[in-house]
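Only one chain is shown below, in structure tokens, and it's the form predicted alone.
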Amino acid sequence: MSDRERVVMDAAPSLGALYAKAAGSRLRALLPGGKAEGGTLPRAEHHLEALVADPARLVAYQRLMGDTVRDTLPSVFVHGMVFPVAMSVMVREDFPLPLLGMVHLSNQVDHLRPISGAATLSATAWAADLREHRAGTQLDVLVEVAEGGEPVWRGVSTYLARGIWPGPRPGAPAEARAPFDIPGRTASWKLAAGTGRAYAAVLGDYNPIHLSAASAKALGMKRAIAHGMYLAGRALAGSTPHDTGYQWGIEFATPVFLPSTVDVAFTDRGDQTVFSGWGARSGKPHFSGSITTMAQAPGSGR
């Protein structure tokens, strides 16, 4: 049994309201006497019952990703449904890191079985494993989704707060990235300047770094970048099984600035598909990951 304090939510919070709260917290932290960054993670989990997919948003999401329109929930769509619960943990007054400007590093997901579009779901989210990264502090935000008390989806999102360290700033040089060998291209995605706004319109994630060059520059980006979960959704569309569970993961290397063209490669290896994406002009790696079919649902020991 968890030793975390459970906070039961009455309804899913608006992501817009959560971003506004995060902006206010960031401003207060910059004032004299504002809260120090670093610290420890809250020993709390946020729980929400009675989550049901909006059928119109589900169809809009599938069309945006170029996926087949069907009545089961795509895994990234589930992530979008429960993201407000996860984010509500990250804007708590006792959360030690600033949400705005945080870098999305990776996702690991167990999609334990097909989930009906009409399912009534519950979601529980908490933060864990605050630890050092070569560029600052990273942590995991975990969400477990259940239907009728049975887990059906588990996700771990890893984030980085740049320039904030959990202890004394390390003096060792940053580790070098492994060289990226461009694989054989399978397809090219042409991402328009409004890609971030199109994703936000479907799943509600109006983070300013994705919406326009002006709003992204206000948070230190040279122009708007694509949502990491948009890229994950495009990669998973057409590549996931629909009659059994699967595991998938994605790691983000460099942001996809908008507009741009992303070259992608998919390689089938039996019950696993490996994928990667890189800049069509620059050749820089953007993301890589895999999708693995499950013979049966794994145990819960993450």
Partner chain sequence: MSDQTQAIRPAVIIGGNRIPFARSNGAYSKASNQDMLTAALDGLIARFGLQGQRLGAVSAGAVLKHSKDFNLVRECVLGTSLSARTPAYDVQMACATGMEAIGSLANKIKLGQIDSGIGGGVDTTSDAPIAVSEGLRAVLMDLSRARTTGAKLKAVSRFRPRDLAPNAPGTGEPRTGLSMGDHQAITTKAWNVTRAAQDELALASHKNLAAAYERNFFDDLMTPFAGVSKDTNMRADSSLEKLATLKPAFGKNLGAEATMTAGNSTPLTDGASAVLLGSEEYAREHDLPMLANFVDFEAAAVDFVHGADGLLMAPAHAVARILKRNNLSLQDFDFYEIHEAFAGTVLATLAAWEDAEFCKNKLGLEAPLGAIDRSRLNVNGSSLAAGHPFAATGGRIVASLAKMLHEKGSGRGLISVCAAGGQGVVAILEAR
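Numbering follows the first chain given and starts at 1. Model, not experiment: these values are computed from the prediction.
As for the form predicted in complex with the partner chain, it is not shown, yet the points below apply to it.
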Among 266, 61, 252, 257, which has at least one heavy atom within 4.5 Å of the partner chain in the predicted complex?
266
Answer key: of 214, 192, 118, 187, within 4.5 Å of the partner chain in the predicted complex (heavy atoms) is 187
Just one of 82 to 90, 158 to 166, 179 to 187, 109 to 117 has heavy atoms within 4.5 Å of the partner chain in the predicted complex; which?
179 to 187
Can residue 239 be called a contact residue for the partner chain in the predicted complex at 4.5 Å between heavy atoms?
yes
Partner proximity in the predicted complex: residue 247 to the partner chain, non-hydrogen atom cutoff 4.5 Å:
no
